[in-house]
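Single chain ahead, by itself, as structure tokens, in the form predicted on its own.
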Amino acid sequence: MIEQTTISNFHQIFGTKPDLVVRAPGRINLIGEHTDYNGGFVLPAAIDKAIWLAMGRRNDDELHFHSLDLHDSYRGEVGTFQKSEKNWANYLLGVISEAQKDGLKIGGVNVVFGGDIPIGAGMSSSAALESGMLAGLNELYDLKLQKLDIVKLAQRGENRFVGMNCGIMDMFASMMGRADHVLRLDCRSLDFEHFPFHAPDFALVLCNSGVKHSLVNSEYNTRRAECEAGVRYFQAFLPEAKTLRDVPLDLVLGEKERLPVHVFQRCKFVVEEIGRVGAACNALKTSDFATFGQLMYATHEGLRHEYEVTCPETDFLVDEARGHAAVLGARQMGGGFGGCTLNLVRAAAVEGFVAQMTDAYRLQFGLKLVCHNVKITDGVGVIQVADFR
């Protein structure tokens, strides 16, 4: 098991057992794409793919990090924070740096970490690493941080130190996740609520297209600008509107002929997607997974035709899944132009589904399709080493 491997490697490297071990899960997002920066809602969940960190407090101010997956080590010192050429280390350094700016007293620490979150599959391994590091430091140095404090610090570390202008959803899901529940997060207020996703007859399967187009960053900025242009337009009708969340769908539809085509399409998708999050939560209250699946398909069609951030590979995967009798819903997950599709599949048919998708993808694109069956789990957890058997 990964946690035991992490502990044994810690002992081998540092000659002692760690003080504690942290499990920090990755995440999926079931509904709610491109709604975060529009003040809307998202519906993520923590999953059973995680980063495990074995951590021990030091008697000096030195920082010793070791990545099992990269077979690489970093050594530094508290208080002398400069970005490392080893980019992976910056995710750990960033959260310590931001914590110290808040006046939190952190000394030296030994860390060994590894995990089974697939890199580049859009499951947010970086947010898991940051959240797990802070959760461990919170215990080692009695920082008295609440979960929301850790979420905010983790985001700041990635924004300010690493230099990635990410939103807060990934850290939120990793910290606040609950087994068999999804988390509806209000990206404006950071209020959240858990909704049951107890689905023993169904499975969530990720199909990784293996494609990551260079369009993502430039097109992301363009989409944000188009949404902001829409808000400015609608402020003539609703001066109090701050984001597209404040704009009703009937107003968007009524202005179709007067808005630039792309601005109308982007606004329509976002406002409808915010509504889909609410509809998805209502469906989960009654375990109506058929309706939930249809909402997933609707999201993908909006991403394809209105937000225009899909690609031939992910469109093919969703179309292929739609033709499988055991699939209730499928959509591209993440910012766009590649990555994974998320599929809601009857549990008894997962093996056949994966086989069909793998064969079809190879025939169509000559590419190997990697699939992951994921389960919804609790968020970050700190475990005392003595509790391991």
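The first residue of the sequence shown is number 1, and the count goes up from there. Treat the numbers as computed from the prediction; the structure is a model and nothing was measured.
Just so you know, the form predicted together with alpha-D-galactopyranose (GLA) exists too; it's not on screen, but the next bit is about it.
- Though alpha-D-galactopyranose (GLA) is absent from this view, in the predicted complex it lies within 4.5 Å of a heavy atom of just one residue from 203, 168, 143, 263, which is 168.
- From the list 30 to 38, 321 to 329, 59 to 67, 352 to 360, the contact stretch for alpha-D-galactopyranose (GLA) in the predicted complex under a 4.5 Å heavy atom rule is 30 to 38.
- Contact check for residue 220: a non-hydrogen atom falls within 4.5 Å of alpha-D-galactopyranose (GLA) in the predicted complex.
- The partner is not shown here, but in the predicted complex the stretch 331 to 350 reaches within 4.5 angstroms of alpha-D-galactopyranose (GLA) through a heavy atom at 334, 335.
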